[in-house]
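Take a look at this one chain, the form predicted alone, written out in structure tokens.
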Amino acid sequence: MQSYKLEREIPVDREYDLVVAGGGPGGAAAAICAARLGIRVLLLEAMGCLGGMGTSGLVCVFDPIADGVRTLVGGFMLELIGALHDRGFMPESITPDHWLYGYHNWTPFHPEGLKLLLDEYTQAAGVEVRFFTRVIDADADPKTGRVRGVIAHNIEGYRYIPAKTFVDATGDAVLADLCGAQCREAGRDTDKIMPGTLCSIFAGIDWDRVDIVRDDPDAIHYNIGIPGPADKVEEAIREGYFTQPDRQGPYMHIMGGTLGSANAGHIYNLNALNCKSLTDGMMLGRKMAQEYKRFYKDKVPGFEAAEHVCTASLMGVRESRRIVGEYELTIDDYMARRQFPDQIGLFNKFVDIHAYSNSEEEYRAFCERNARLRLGRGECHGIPYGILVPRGWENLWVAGRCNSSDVLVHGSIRVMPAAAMMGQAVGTAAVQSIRTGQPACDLDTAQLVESLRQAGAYLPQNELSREMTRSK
């Protein structure tokens, strides 16, 4: 490919204490929690709302935050879920016990409620938000591990934005990669890419007539497809309903009233770091949404009058690019239920690696992983601080699915509640770094854990350490 050299003068913005790239659950939590601690924060978001996959992506259900015995996810995320419930942005059937103590309970919500709350939270905390704005380059020195500023672009053109600290919450590690931090890419560094999904909203569902499936007798986890009408999926595949024979059944979560959010259909071999692949995937996802509409209306009682309202404006990407951090969390850590002195969160969700293709063999492998790689009631593993710091970097952190973890355990912690815990941790770490001079890669993690505890995080480890856990 030929290259073109672009030179221009770019206006220099005011300096901020913290710039956060990406306003999903990780980025929003980082920005809000840091601003609440009194620093000047700028949050840059490519879409027109905060919330990421929970709003623009229409994944209208939070993954489990408890282990069946206790609530693991505290702090900002717990505050947010409680507010969604109190403001009426959840189905009436959902009570606090559902998310506080349930084992593998998913908690549905209305995306418009999440948008509104995050707007209110950022305004109350004093976060400056710029929608429709992307980070397109960085002024950084990989040798010293420091970022001086970022170049952002929106309708007003280019801006150079200097800051003391930075958080990459783009999901795709866009900022970390632009800075020159070491990263791993799905499809390049591994021979497989987990498929994406374009989610949808449906209306006109008669939930009283729907055969609700519960993964657990105590759960209120509305999954239409596994194992409910699995026979109907096979029947529809034989009858040619679908563009592809996707046996990993469609999920439908109740949103309240007659509304449902569909996590249905896989976009196989989707490369989220390739524009053409994303474009083709969005087009295929919209086509598949109509196929699933026909399937639900014809095959699932309660959906006869259902209408397809819309598809998401953001592709549901499960993996793309992850940093090489000071520590890499592994499946061995997960299966050992390992706890860390510097852990900034605890989690219990099963290892959710979707089938890599629509073959019967791959579907059987998915079912086997799903059954084998999960923790029991009362069990959890730690999420150490070191997976949020690109190796050797002094004022750069990540939050969300671009964290440093291997493929399998990443399938557990790539979701919204874990991302929000990571975001609160790095926002708090940025404040600590500014006020103490401690670099991200050598932060006093005992001090960080104590700060997170004061903010409501559930971090019961008895042993603390001033130094983070590092990979050997």
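All of these numbers come straight from a predicted model, not from anything done at the bench. Numbers follow the displayed sequence, beginning with 1.
There is another form of the same protein, the form predicted together with a small molecule; it is not shown, and what comes next is about it.
For the interface check, one of 30-38, 409-417, 66-74, 436-444 should have non-hydrogen atoms within 4.5 Å of the small molecule in the predicted bound form; which one?
Contact-bearing stretch, as computed: 409-417.
Of these, 150, 317, 114, 205, which has a heavy atom no more than 4.5 Å from the small molecule in the predicted bound form?
Flagged contact: 317.
Have a look at 282, 289, 355, 174 for me and say which one sits with a heavy atom within 4.5 Å of the small molecule in the predicted bound form.
Of the candidates 282, 289, 355, 174, 174 is the one lying within 4.5 Å of the small molecule in the predicted bound form.
Could you confirm whether residue 121 comes within 4.5 Å of the small molecule in the predicted bound form, counting heavy atoms only?
Heavy-atom contact with the small molecule at 4.5 Å: absent for residue 121.
At 4.5 Å between heavy atoms, is residue 399 in contact with the small molecule in the predicted bound form?
Flag for residue 399 set to yes.
Residue-level question: is residue 84 within 4.5 Å of the small molecule in the predicted bound form, judged on heavy atoms?
Answer no; every heavy atom of residue 84 is more than 4.5 Å from the small molecule in the predicted bound form.
Looking in the predicted bound form, any heavy atom of residue 90 within 4.5 Å of the small molecule?
Close contact is absent here: in the predicted bound form, residue 90 is far from the small molecule, nothing within 4.5 Å, heavy atoms only.
Counting heavy atoms only and using a 4.5 Å cut-off, do 325, 405 and 470 all touch the small molecule in the predicted bound form?
No.
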